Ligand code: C2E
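One chain follows as structure tokens, the form predicted on its own.
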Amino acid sequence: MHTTTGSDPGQYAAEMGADAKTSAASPGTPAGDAFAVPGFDAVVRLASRSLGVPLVSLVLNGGTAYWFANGNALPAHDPRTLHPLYLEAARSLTSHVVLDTLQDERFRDATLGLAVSPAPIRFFASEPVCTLTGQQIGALCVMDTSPREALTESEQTALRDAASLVGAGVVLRSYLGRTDPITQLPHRYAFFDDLRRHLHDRAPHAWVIAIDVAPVQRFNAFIRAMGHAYADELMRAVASRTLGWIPPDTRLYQVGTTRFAAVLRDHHVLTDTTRLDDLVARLREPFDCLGIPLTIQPGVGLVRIDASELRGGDPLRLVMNASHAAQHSMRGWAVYDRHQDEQHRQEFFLVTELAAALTDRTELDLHYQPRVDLDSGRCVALEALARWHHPTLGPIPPGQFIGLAERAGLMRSLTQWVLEHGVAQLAAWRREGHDIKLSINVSSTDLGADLVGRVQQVAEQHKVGLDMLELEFTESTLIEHSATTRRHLTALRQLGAGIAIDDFGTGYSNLAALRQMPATSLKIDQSFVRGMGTSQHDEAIVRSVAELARNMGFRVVVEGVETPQLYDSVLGMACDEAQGFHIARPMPSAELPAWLAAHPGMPARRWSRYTRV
């Protein structure tokens, strides 16, 4: 391992003889940018006097070392060799003390090669240097040409205190010097300063490239599983690989916890896209971090920035849209799409508006779609469907805001709103003499330990029996949460509530999983039902699924019955209930009593083998 010497540690050395630009400890740092830990020279003198050692060094995880002899910085000239054993000790999270290297077979031949110390190092001790958040960035090492018999408790305390001071100094230096303490890369403020300088002094526009290391949730999973030291090493490794790709005169910046950026001088970056393919290929190769291989999910984004766009604009936000989209693409890189960006901004606006609407009593409403029993033709149940009328945008389609609620973590609140308002309305209708049940859609985020209590509390509040309620879960939700779900759903069933498997046929459930679910109803997805008029395959699917579900003891509900022909078809199948536009469209609560009065019943099934006795 090569290191630099002297009071200008900005002249970073290369690791294992590689070019200095690719060193993880010093990526992209010009020689003129000096590394200066505030007060480091004073800490060195204190450590030297307290421990009586002539040599002190701050060794960062990437291999960069800053050397002091007898309290003075070593002169800056040719690099010195740091044996890997010393570097391994410096990267450790624990203290190391070697009283006599000649008596330790590991260090016996581990020479340092320092001209200031022709005699071999006999005593070595190191203490981890950590940031204020506890992230380890290197070690403070003390050395002597004479062996020791022991390191006293006061000396160990002095070394720990010195390492703590250095850690605080590194954080302060990073704050003042605009560098990230882990990768030693210039950070976001330096990026903007340099981008403005580039646009004003050199060119009318620039290409900004951003590299997202991994989706936030996946990166957090790295930390939970392996710790911050592993994540830090991964970021240094990604920086090193990226620096091997960008042009030599280009700086790399760390502009976020998991994001790097650079300003490309090449105005023809999209002319030959094989260069971008090469970068993605490099980043998709496994990384060996602390001896553990890992494959990341990188995303590379590009955006062209004009000088005028810097005034009040945020190029990092723009390029982040592209890099985020690239993470989920096969190619792995993408160019900023203004239309897609506007869509994201609109979605964010709607999410904030939806959160406010959940506390407002006027924007959200429930519509109810009747379900009829095919043996009697009578309406026996209603499905509660949320509707949102925005005060300025007008009606927002459910397919749009339901998905937003799920992605933004608002689905639990929305379900609770539907549950409370729907059950209250059901109670009012039943007091008026309408013998109907209510079906409510429940998302995967609601499948927690408190679901049973939430449903029970609302039912008791409005004096509605739980046997009047049915909870609808999609087929995929029930399968994904099979073990936990069965426990909660069994509890609901024991209290009397019905359980429906919604959108059946669109997921990947198997018969074994279906048999184990404590469901009472199965709703065949409307995509198959609507196709029955034109596709014999769809009709065969609906007929077979209905027969199978009926034989397994489920009550079969057919969705998407939109024509008289479809209604007649399902009358001849093993179906119990039908729902669709031919019967009734979803309607506001105020319209339902009039509909019930005007529609005493649909045509009923004549007796057949499908009639339930």
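Quick note: we count residues from 1 along the sequence shown, nothing fancier. Note that the structure is predicted; figures quoted are calculated from it, not measured.
Another form, the form predicted together with the ligand, is not on view; read the next lines as being about it.
The ligand in the predicted complex comes within 4.5 Å of no heavy atom belonging to Asp144. Using a 4.5 angstroms limit between non-hydrogen atoms, Gln135 is distant from the ligand in the predicted complex.
Proximity of Asn441 to the ligand in the predicted complex falls within the 4.5 Å heavy atom cutoff. The closest non-hydrogen atom of Arg218 lies beyond 4.5 Å of the ligand in the predicted complex.
The candidate stretches are 547-555, 578-586, 64-72, 45-53, and the one lying within 4.5 Å of the ligand in the predicted complex by heavy atoms is 578-586.
Exactly one listed residue, out of Asp503, Asp538, Asp373, Glu363, brings a non-hydrogen atom to within 4.5 Å of the ligand in the predicted complex: Asp503. Residue Gln526 is the only one of Thr101, Gln526, Gln327, Thr179 with a heavy atom lying within 4.5 Å of the ligand in the predicted complex. Looking at 528-558, the one residue that comes within 4.5 Å of the ligand in the predicted complex, counting any heavy atom, is Arg530.
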